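Given next, in structure tokens, is a single chain: the form predicted on its own.
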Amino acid sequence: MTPPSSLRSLRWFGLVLLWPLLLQAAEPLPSWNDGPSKKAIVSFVEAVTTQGSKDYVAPAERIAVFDNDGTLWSEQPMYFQVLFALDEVKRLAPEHPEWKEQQPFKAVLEGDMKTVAAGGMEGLMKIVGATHTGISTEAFTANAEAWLAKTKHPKSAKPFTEMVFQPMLELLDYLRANGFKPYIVSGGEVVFMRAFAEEVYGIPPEQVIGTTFVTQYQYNDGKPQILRMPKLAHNDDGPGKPETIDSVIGRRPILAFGNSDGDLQMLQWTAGGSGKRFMGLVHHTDAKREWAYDRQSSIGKLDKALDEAKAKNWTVVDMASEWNRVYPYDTAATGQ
């Protein structure tokens, strides 16, 4: 039975009203403004996924690698894993009364961050070693999950897992929808990242690569475990990133995203392959919605990588002008 003309008109009118919403839903990367970075990303993905294109890349070779700190989530005022380690010192202090007189633990317990900072990398490694090793992988994962579940970011008062970048979540989804396999390749400790990466980014543990400690298999009273030893096995920063990409993934990425000089070698390794490549940097330029920093920052320093990106025409994402939304909890588009 043919519907009355009035009903057909009503349906047509409803379709007209819904059409802009349907177009918006189909539009990739909605939190990205229509700027050069979004255009470069979409153009690259279309080129390498269109069969018959001279730039076509088979799905198995569509490897994408992402730094984590400062690229997928914020990293100010301090790397989140460092904040976790500092809180762990306080939590574990009753079991270590000697820390009241030992540096850098004494400074952590007294809230003396100036002395903690003065201890440099050596002091930091003592803190990380004391809070990240000497326990099983399962126990450390439980500690990290408990901290992430209850602790809030000092500026936003949001859970750290909500300090992720909405535009980058959309990029991960967009790449997966187009046959890419995304990996995290970060200087962060691998088990700490695996505690949240699948839930937050949709990236499973086997696709998370990071700094690692030496581990040891133990079998006691019929219970097997992997014990984390107080010795660094691999520092997954700088040249360490392409080294683990080569050894763990076994394929050279065709897309890489970072935000600091620690990501430069990963970007260079990606760029050095044959065929079409995409190299991107998240440039923190938004002091209002996030933070603005680059060359002089002690955290996420972006200097040499920024110069090379400009010289080689890599994509540099201007956060302030190219993202209309920064975090998932942002309710309104405030960008240009």
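The shown structure was predicted, so the numbers you read here are calculated from the model rather than taken from an experiment. One-based numbering along the sequence shown.
Missing here is the form predicted in complex with another copy of the chain; even so, the following discussion is about that form.
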Here the chain appears without its partner; judged in the model of the complex, the stretch of 142 to 150, 67 to 75, 80 to 88, 175 to 183 with heavy atoms within 4.5 Å of another copy of the chain is 175 to 183
Which pick from E206, E101, E122, E110 sits with a heavy atom within 4.5 Å of another copy of the chain in the model of the complex?
E206
The single option of D286, E308, D55, D294 touching another copy of the chain in the model of the complex, heavy atom within 4.5 Å
E308
Heavy atom to heavy atom, is P224 within 4.5 Å of another copy of the chain in the model of the complex?
yes
Whether N33 contacts another copy of the chain in the model of the complex should be assessed with a 4.5 Å heavy atom distance threshold; does it?
no
Evaluate T49 for contact with another copy of the chain in the model of the complex, applying a 4.5 angstroms cut-off between non-hydrogen atoms, and reply yes or no.
no
V248: touches another copy of the chain in the model of the complex, heavy atom cutoff 4.5 angstroms
yes
Residue by residue through 252 to 286, which ones have a non-hydrogen atom no more than 4.5 angstroms from another copy of the chain in the model of the complex?
R252, Q265, Q268, W269, G272
